[in-house]
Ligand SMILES: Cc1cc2nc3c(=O)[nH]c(=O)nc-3n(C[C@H](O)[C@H](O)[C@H](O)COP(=O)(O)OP(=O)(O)OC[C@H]3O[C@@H](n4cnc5c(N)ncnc54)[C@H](O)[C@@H]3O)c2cc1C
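Okay, so here's just one chain, in structure tokens, the form predicted on its own.
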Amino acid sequence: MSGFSRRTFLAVSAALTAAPVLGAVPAAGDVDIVIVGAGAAGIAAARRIAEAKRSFALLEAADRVGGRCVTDTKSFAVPFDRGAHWIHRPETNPLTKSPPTGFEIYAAPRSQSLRVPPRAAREGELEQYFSALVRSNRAVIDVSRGKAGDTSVRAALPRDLGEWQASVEFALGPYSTGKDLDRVSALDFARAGEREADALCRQGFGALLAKLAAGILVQLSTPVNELEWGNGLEARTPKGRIRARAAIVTVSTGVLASGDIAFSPALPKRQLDAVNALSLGSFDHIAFELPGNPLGLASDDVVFEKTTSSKTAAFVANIGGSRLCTIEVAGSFGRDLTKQGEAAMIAFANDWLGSVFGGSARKITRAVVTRWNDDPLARGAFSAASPGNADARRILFEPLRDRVFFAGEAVHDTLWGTVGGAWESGTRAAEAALKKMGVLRDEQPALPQRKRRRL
């Protein structure tokens, strides 16, 4: 996502610069804490546990780390982030506070472009569009503060958006949350706070996350098939069984809902309802190269269109000053499109480019697409709470018998949908587990300072 910034992260720079951490146990054995999933949350949890000098086993079903934040260095001449791309609030983001040697973090453009197909928007049209976005955002915040209950974002929008209705709904809905606005809680949306200042990593956000995992011994290609948490705690994998005092589960809500990990006893209805209320939206990239900058756009420019249809997209141009561009498809339209396969996605990209940019658009001859909904280890993009379920994130974070803790972007109240939110939740879950084990003191945390969402 881009266009908004998240609230300040906890300061964990010391963990990021720590010496190589403790190794994992063999495929079977005893450990203090078992961590399921080596995405941002799992990596952060492992670092925090190692900092406390406790043993852990970090188990990952895939053959790589990173989860939904991964950089592809083979498809193009430059890095391509197949998942998360934008680094929110870089000035306080623990993942970028002290970048590893060889990684360049640079500020993303703060402005966005608008097309009124097939031309660029005029100044008056830009003012109307951004005014509609600001009014819509304020209306959602006002509703979230009222006493009428948690409604959908769509129901909270002003009734006089007129010709800008579809464009605003795409920008605030599919592009920002992965879902259509009638499926998004107004209160959850409002809690997300600001998402304005962004940065990018020239070597790829996924590559940066993988670098931060260096020194952590991860058991790759080791899926957890069953987690026994009734009498004691045991993670069962095809390679063996690992007994632990606590578990931190960082897989996506899509994976939790799929039943691919059997919990014994089964997850309580309270947690299952929270998982279902935090279902993943759809957000995918259609990536390709446009040599010579035929569209005349700046590096990392984000382009939206004035539209009357939900069948729209966003365009990210000249990523990192390269020829790499992406068309972002999301929400129910994006989900339906990805179901049709790669050829249909590329055909849409060509039609959309021709419509939005007119004769200046070139036909795409080669593209690489993502289809996160079909990835069995993700099953979607990122979470957005359904109307009436804004408290689902807090419910999911509640530990089970003080021995099973959940982490990931879905359990963070204000940083959901971000790598930073996943990282902070992993640190938070690790500290909660360590406190229950008596390793850390249970101190009263400072209340977070929330900021209003700005556009």
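These figures come from a predicted structure and were not determined experimentally. Quick note: we count residues from 1 along the sequence shown, nothing fancier.
Missing here is the form predicted together with the ligand; even so, the following discussion is about that form.
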Contact test in the predicted complex: K179 vs the ligand, heavy atoms, 4.5 Å: no
Does at least one non-hydrogen atom of G83 fall within 4.5 angstroms of the ligand in the predicted complex? yes
4.5 angstroms heavy atom contact with the ligand in the predicted complex for R393: no
Heavy atoms within 4.5 Å of the ligand in the predicted complex: does E409 have any? yes
Stretch from 310-318, 105-113, 184-192, 372-380 whose residues place a heavy atom within 4.5 Å of the ligand in the predicted complex: 372-380
Answer option from A246, A277, V224, A287, heavy atom within 4.5 Å of the ligand in the predicted complex: V224
Proximity to the ligand in the predicted complex, single hit among C325, A213, V251, A156 (heavy atom within 4.5 Å): V251
Which residues in 54-87 have a heavy atom within 4.5 Å of the ligand in the predicted complex? L59, E60, A61, A62, G66, G67, R68, C69, R82, G83, A84, H85, W86
